[in-house]
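The chain below stands alone, shown as structure tokens; this is the form predicted on its own.
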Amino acid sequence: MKNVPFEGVIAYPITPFDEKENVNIPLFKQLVERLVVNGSQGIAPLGSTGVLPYLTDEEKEELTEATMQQVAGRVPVLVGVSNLTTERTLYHAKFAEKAGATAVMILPMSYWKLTEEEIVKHYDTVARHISIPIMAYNNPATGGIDMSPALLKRLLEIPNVTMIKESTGDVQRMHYLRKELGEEVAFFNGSNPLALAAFAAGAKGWCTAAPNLIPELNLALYEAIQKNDLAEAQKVFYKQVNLLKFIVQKGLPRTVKAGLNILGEEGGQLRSPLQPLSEVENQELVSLLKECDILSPSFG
């Protein structure tokens, strides 16, 4: 297998803001520390959960450096560097490498629909200018582009592109990747409701915001898979699946912030236009956390 420094549960921290919607770096470091201490096997700042598109270049750099300082080599770090242009993507990839990131993740963001050749050149240009591995991220819901399995196969021919994160919600994509590329392909699940199915299809890891709220259950699923204990994996997954669906449906930053507050942790503020969950949504989240045994039945 090519250079693949990740496996298991890779956690996405939120990017917290203060009352004036400025990035709250001290709180961000606290949230990253919490993820590391609770057992996450990798940290991935500047993803969808970290509201990457809402941040300035300077804020992205500040958050990258803060992550590296806080993690301090305890687990590998996967930094999101996606941008509309190749030039800015490369800029942030170089910055992440210099800061000490283990790898970078790139989503081919698009205003116009990019051709396959444009996407391949985009990745190849970045790959030729950095030495750390790249995770190609396929998420048409946020990037506007659905990279076919055949295109992902092409991207893996680029030496530095060693990992794929598949977030279409189609588990057949993962089966295809395993069938076409063999057991050596390193693909990661980015669709929370497919966590169990993805591991069954051979996913090497799970990239998720859920460890902000239910780290024990997320890790228990991975551990059961590692032990080939299907019955335990099913039991643990079914216990958390409703919460996993809710997190996706209501928006990752919004639900994680609300969940942290419910759990008695500081979640910071959101950056406009994002708004907090409604009272009804908050109550639904409380019920789901009780379902996961994270809150006592008498809570609230």
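Since the model is a prediction, treat every value here as computed from it, not as a measurement. One rule holds for the numbers: they count along the sequence shown, beginning at 1.
The same protein also has a form predicted in complex with another copy of the chain, omitted here; what follows describes it.
The stretch in contact with another copy of the chain in the model of the complex, judged by heavy atoms within 4.5 Å, is 235-243, chosen from 259-267, 24-32, 235-243, 63-71. Another copy of the chain is not shown here, and in the model of the complex it never comes within 4.5 Å of any heavy atom of P45. Although the partner is absent here, A99 is not a contact residue: none of its heavy atoms lies within 4.5 angstroms of another copy of the chain in the model of the complex. Proximity of T49 to another copy of the chain in the model of the complex: non-hydrogen atoms within 4.5 Å are present. Interface residue remark: F199 is counted as part of the site for another copy of the chain in the model of the complex, having a heavy atom within 4.5 Å.
With the partner omitted here, the residue from M147, L107, M163, A210 that has a non-hydrogen atom within 4.5 angstroms of another copy of the chain in the model of the complex is L107. Comment: another copy of the chain is not present in this chain, but in the model of the complex one of A127, L114, L152, L219 has a heavy atom within 4.5 Å of it, namely L114.
Contacts with another copy of the chain in the model of the complex, taken as any heavy atom within 4.5 Å, map within 70-90 to L84, T85, T86.
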